[in-house]
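The chain below stands alone and is given as structure tokens, in the form predicted alone.
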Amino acid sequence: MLEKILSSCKLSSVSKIIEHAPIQFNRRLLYTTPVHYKKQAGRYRVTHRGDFPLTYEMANPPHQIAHRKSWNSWNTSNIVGGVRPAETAVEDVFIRKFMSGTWHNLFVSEIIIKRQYNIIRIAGIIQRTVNPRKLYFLIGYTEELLSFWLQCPIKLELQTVAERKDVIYKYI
């Protein structure tokens, strides 16, 4: 049937039929559109008003990791022959969720997790919006619970700032 159609058409219309032909022609796997190397992940869009605040970590694009910014998790489990890479990743997610829930709206930077031998050190910058007594309680509470759940010593390394705008690097 396709041969009858091709014989009755002109040569210019044959190419149109081939483009829209079903599976008989093996052109369905060949894509001729250009590749767009659009790197979008980890970048923030510029706003029209220029009022979106960025910290130093957020202002640097992902390809600047290890040049101008550092990793948010420091461990050696992902190297060749490293032990427990999956468990380490799950524990890091659990620690971040626990910290953001326990220290609700107090962290103004990313939560940095550093593993050294069997000690886990958690670092970050928090606001000075709670009184020191509650702050010391939260530090002890967090260290004790995470130490019990993860079965290793936990140390919190926190720095405080007066306001959230003190850690803003630039506006976009």
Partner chain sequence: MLTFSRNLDKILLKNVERQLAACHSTWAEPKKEVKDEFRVLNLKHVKGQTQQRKQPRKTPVLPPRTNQMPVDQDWGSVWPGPRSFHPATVPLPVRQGYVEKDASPGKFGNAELMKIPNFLHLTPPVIKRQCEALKKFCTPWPKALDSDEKCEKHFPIEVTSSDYCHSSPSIREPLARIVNVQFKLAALKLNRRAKDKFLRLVGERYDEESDTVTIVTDRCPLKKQNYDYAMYLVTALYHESWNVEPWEELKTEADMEHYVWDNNASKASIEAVFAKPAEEIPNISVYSEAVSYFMNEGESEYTVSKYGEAVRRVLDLPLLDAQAVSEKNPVRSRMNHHGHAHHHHCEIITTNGHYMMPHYVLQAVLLGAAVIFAVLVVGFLIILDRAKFTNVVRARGQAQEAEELLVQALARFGQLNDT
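Here the structure is a predicted model, which is why all the values come from computation and not from measurement. Numbering follows the first chain given and starts at 1.
In what follows, reference is made to the form predicted together with its partner chain, a form of this protein that is not presented.
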query = Hey, in the model of the complex, does Gly101 get a heavy atom within 4.5 angstroms of its partner chain?
reply = no
ask   = Can any non-hydrogen atom of Pro53 be found within 4.5 angstroms of its partner chain in the model of the complex?
value = yes
query = Would Gln127 show up as a contact with its partner chain in the model of the complex if we use heavy atoms at 4.5 Å?
reply = yes
ask   = For Lys134, is any heavy atom within 4.5 Å of its partner chain in the model of the complex, or not?
value = yes
ask   = From first to last in sequence, which residues of 102 to 125 have any non-hydrogen atom within 4.5 angstroms of its partner chain in the model of the complex?
value = Asn105, Ser109, Ile112, Lys114, Arg115, Gln116, Tyr117, Asn118, Arg121, Ala123, Gly124, Ile125
